[in-house]
Structures are given as structure tokens and as C-alpha cells.
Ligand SMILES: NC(=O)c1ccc[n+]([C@@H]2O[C@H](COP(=O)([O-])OP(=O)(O)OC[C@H]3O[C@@H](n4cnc5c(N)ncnc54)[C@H](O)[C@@H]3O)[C@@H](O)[C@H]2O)c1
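We begin with a single chain expressed as C-alpha cells, specifically the form predicted on its own.
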């Protein structure tokens, strides 16, 4: 820690996510930024107030307590393992590398690092609609979840084919690993786990891109719960929707707040089921909808990380166990194609 008691932090990778992490750490009273780096050295001109290092190893050479890993997927395991080995707390972006073996490697390094905190950036769990839905379901007011349906799609855009996310060496997987992993993480968050998968993973539009632009999956738990998932880069209108249907009602999440607000207003709609004799409009129960107009997920994620570092919380939301489970599920879907 610095002399003023703040946690000294470095950020590796100053793209979109690195800038978000910088903004939040600057706003948090318990962190102090020490050093940054990026593969584009011109970025240094934008942040003259901070030490800019030539590469990620030079960042780790600084006197740090924590590091934020905001790089291409292929570099996450090496940097994370090295940082943990040096006794640093690590906050890494998702996905946790490119393969299940990557997250297993990081979990081994975490175990060797003792009490060092390893957290991955699954910020959707910190959206207010998601937290409200979680509280409703855990209250038991509608019984247990019977089935779920999740759609997460975006318009791939002109740069889709040439983006680093469409490069197997950098990314490892396509739209399912890049964006759909958030939906899978939420399904695990709400439903616990899945033991069976059926899937179609397609290049529906970008035929020359070596990774998928669409993934369709059916997942089944040991308890017989089924979840349907569609992750798409050809959803020409950005869309986020998660429907959770329970024994006595339903909870539906529509839209999710982002910097562009292109996924629409964030809301949660819920109702208790009503059969004949219970309502005059059978099949159309009385619903309530709550709208949320603020996205504090990045701030709440950082606070979660801090609380674990200082011992206020034992395990981070977005732990290596969470990351392993969702990575395993991604590859269960990939492996289920054609079965």
C-alpha cells in the first residue's frame, strides 16, 4: 500500500475496458494508479499523469498491490499467473483466456498464491435488474425455476471480420465466448449448473470468419430444468432478454444499460401465474415492471474486488470458480455440435 493507505494499482491494456477500469479506480478512494501500458504506445499521450510502461512485465515490476488485466484473451493466463506469482491481487476481464485449460492454469496459480484475490469481470451480475431478479427468485415467492430463455445479440458491424475478436489466435472463440458468455454466466447464477447440452454453432453471415457469428443451445440440468440460449452477431438490432419461468410465476429481464444505451431501457417484469377462475383474462396475468436508469455495475464490481482484498468478503462475485464453470459450459456447447 502507498503511504496514504491506498492500494497501488497497474492497468495492462488501455482499450475500452482498460479505460473503464481506470475511470472507476480514479473515482474510488481506496485505489491509486501507479502505471499503465498498452500495445499502442501513442496511448501514453492521453494519460501523461501516469507512468506508461513499454510492456506488461514492466508494469508488474512496479511497486503494486493489484493489477487489472484488460488485454486480448490470449495474454490473460500468462499475465494473471505471473501477477499472482508476484503476490498481487488480480482483476481480469472476461473471458478467462481462450480455453478451459487457461482457466485451470490460472486457478492453480491462485491456489499457490494463498490469500491473493483473483476476480473476473462478469459485470452483468451487478446490474440492478439482475440483482432484483436474483432477490425475487431467492425469496421463493414464485417457487423454483422450471425453464429459462436467453437472447443476447448485437449487430456485428463493418469491422466484425477484421476485429481482434474474430482472430482465433487472439480470441479463441466467436460471439458465444465473447458476448454470450455473459448470458451463460447469468443462467449459472440463477439456475446453478447444467449437465447436458445440444447446440448449433454457425457462421450464418460472415462465412469467411473462422469463428461463429451465431450459437444456439439447449441446456438441461440434473433436476430437469431447461434453458434455451441464442448468442448472435447478426441480431441487427441490439437485444438483451432473459426470461425465467417458475412454478408460480415469471421474472423477465429486458434490455441492459450500456454506454451507448443501444440495448434499450433496463427493466424487470414479473407476475404470478393466474389460471381459470383466478382471473378474468386467463393467460394474461397482472404484471409489474420496474425500470432502472443507472448502470453502477462497474463501480459495484470494483467495490466487490476491494471488499475481498481487505477481508470484508470471503469470495468475489466472478471468482475463478465462477469463471471455470462458465468456461466449461461454453465448451460444452462447442463440443455438443453435431451430437
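A quick note: this is a predicted structure, and the numbers were derived from the prediction, not measured. Residue numbers count along the first chain shown, from 1.
Keep in mind the form predicted together with this ligand is missing from the figure; the text below concerns it.
Contact check in the model of the complex: 191, 220 and 225 versus this ligand, with a cutoff of 4.5 Å between any heavy atoms. Do all three pass?
Not one of the three qualifies.
Only one of 35 to 43, 267 to 275, 288 to 296, 310 to 318 has heavy atoms within 4.5 Å of this ligand in the model of the complex; I'd like to know which.
It is 35 to 43 that comes within 4.5 Å of the partner.
Which residue among 84, 253, 145, 76 has a heavy atom within 4.5 angstroms of this ligand in the model of the complex?
Only one option qualifies, and that one is 76.
Only one of 153, 173, 121, 150 comes within 4.5 Å of this ligand in the model of the complex by heavy atoms, so just point that one out.
Partner contact (heavy atom, 4.5 Å) among the options: 121.
Is there any non-hydrogen atom of residue 94 lying within 4.5 Å of this ligand in the model of the complex?
Answer yes; at least one heavy atom of residue 94 falls within 4.5 Å of this ligand in the model of the complex.
Residue 71 near this ligand in the model of the complex, any heavy atom under 4.5 Å?
Residue 71: yes, in contact with this ligand in the model of the complex.
Is it the case that residue 22, even though its partner is missing from this view, gets within 4.5 Å of this ligand in the model of the complex, heavy atoms only?
No, residue 22 is distant from the partner.
Using a 4.5 Å heavy atom cut-off, state whether residue 14 contacts this ligand in the model of the complex.
Yes, residue 14 lies within 4.5 Å of this ligand in the model of the complex.
Sequence-ordered list of residues in 160 to 199 near this ligand in the model of the complex, where near means a heavy atom within 4.5 Å:
Stretch hits, in order: 164, 165, 178, 182.
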